[in-house]
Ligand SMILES: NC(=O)c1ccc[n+]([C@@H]2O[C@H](COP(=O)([O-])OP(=O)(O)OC[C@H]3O[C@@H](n4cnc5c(N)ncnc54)[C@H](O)[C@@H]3O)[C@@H](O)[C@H]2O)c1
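In structure tokens, one chain follows: the form predicted alone.
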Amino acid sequence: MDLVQLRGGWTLVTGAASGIGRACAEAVASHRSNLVICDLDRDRLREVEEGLRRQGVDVLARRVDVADRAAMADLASEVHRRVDAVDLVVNNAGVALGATFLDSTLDDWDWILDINLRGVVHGCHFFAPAMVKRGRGGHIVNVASMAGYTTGPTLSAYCTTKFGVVGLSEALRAELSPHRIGVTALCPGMINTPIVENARRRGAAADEALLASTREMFRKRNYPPERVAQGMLKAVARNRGLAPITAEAWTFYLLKRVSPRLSAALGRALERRATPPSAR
């Protein structure tokens, strides 16, 4: 997708109140795209809306739970009363669960699947058909993770959702290609966002020492969401199907292709290294 198409067009960004979502909204606004933004955090969303308006673009901001089918349908109806279709969809809203499979409850599975996977399905379901009908192409970005192609023993549910997002993106890319609509699975590594603080944790993963260690690891990595947003725009411009972001995401992506066994061993080693003795 030529980024020139964003100028004067419309972009949807879910989970836009902070982190990667906010950075993506601001990056798209710099290309003069108008924005539809949604999140559950009404106060932070209002701050983002005000900042975007100062960039001179039109903004529609709504408090929406992406897991709520009716709420997403209402948002799409409101958007499509204004415009035939959006030009870019960024399905970013997501949550994390630190827990082994044995420590995860079925309520945890419902929660993370509804947001991380079904939320992406909703974003595609309610906005892609209008893009097809309009006939001018466009692009969909589904924010996955390097956990969409590599695993960890305390990330069973999280990896399941992100593997699902990557698979959905690949299938949808093949389906929408004849309509000149690109689809990208964006796969960041360790990004300095609130996701670690807001994650649910069970069993050994709930140990405060582990949380502090993980928080410190992300702080030292210090890869800002603004760089992810720039990587997102490059992936859209180049129509990339899968876009690892950060060195570690690329390392695991390439290693998985060359030696899945070595990739899995490295993932386990890194998790052990990040886990304090008290949490093992």
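Predicted model only: the values in this text are computed from it and were never measured. All residue numbers refer to positions in the sequence shown, first residue = 1.
The protein also exists as the form predicted together with this ligand; that form is not presented, and the subsequent description refers to it.
With this ligand omitted here, the record of contacts in the predicted bound form names 61-69 of 28-36, 250-258, 61-69, 232-240, defined by a heavy atom within 4.5 Å. Shown alone here, residue 188 lies within 4.5 Å of this ligand in the predicted bound form, counting heavy atoms only. Although the partner is absent from this view, residue 194 contacts this ligand in the predicted bound form, with a non-hydrogen atom inside 4.5 angstroms. Although the partner is absent from this view, residue 217 stays clear of this ligand in the predicted bound form, with no non-hydrogen atom inside 4.5 angstroms. Not displayed here, this ligand is kept clear of residue 85 by more than 4.5 Å at the level of heavy atoms in the predicted bound form.
Contact with this ligand in the predicted bound form, defined as a heavy atom within 4.5 Å, is made by all three of 17, 145 and 158.
For the residues 154, 169, 150, 92, the 4.5 Å heavy atom test against this ligand in the predicted bound form is passed only by 92.
Site annotation in the predicted bound form: the residue of 105, 177, 77, 198 reaching within 4.5 Å of this ligand with a heavy atom is 198.
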